[in-house]
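The form predicted alone is given below as one chain in structure tokens.
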């Protein structure tokens, strides 16, 4: 889903994500900084199992609407940021694969870094996304679950 074709790009997909694609897309002639963040599947968990993959579930339309709300709030806080993209995987994501990518361009690096940090932190707290951890011989919903909060409360 591309809400503002020139500046905002939020997307939820079962297809692999590309940080390079988002970085290239976010690069703008009026912006001297592009910050990207990638969340990847790691092999450790609070359960003590060696994780082999994660499974994400959500309602895509609801998640994309909430992602757009998060981007809008970032824009209200950092008025000079340029392009903003947030992509999240759903379905099975294997060890080492990317689960979420954030890319922010800005005329100056401080705003890009701050906005990118805000975006990933807020996505984790405000977008309804459920994660199942999978290991050899078993699986469980993540113990890191929490209540979904309003974007404006972040």
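A quick note: this is a predicted structure, and the numbers were derived from the prediction, not measured. Residue numbers count along the first chain shown, from 1.
One more form of this protein should be noted, the form predicted together with a further copy of the same chain, which is absent from this view; the next part is about it.
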Proximity of residue 134 to a further copy of the same chain in the predicted bound form, heavy atoms at 4.5 Å: no
Interface membership of residue 18, a further copy of the same chain in the predicted bound form, 4.5 Å heavy atom rule: yes
Heavy atom of residue 53 within 4.5 Å of a further copy of the same chain in the predicted bound form: no
Contact flag, residue 92 vs a further copy of the same chain in the predicted bound form, heavy atom cut 4.5 Å: no
Residues in 9 to 31 with any heavy atom within 4.5 Å of a further copy of the same chain in the predicted bound form: 18, 19, 20, 23, 27, 29, 30, 31
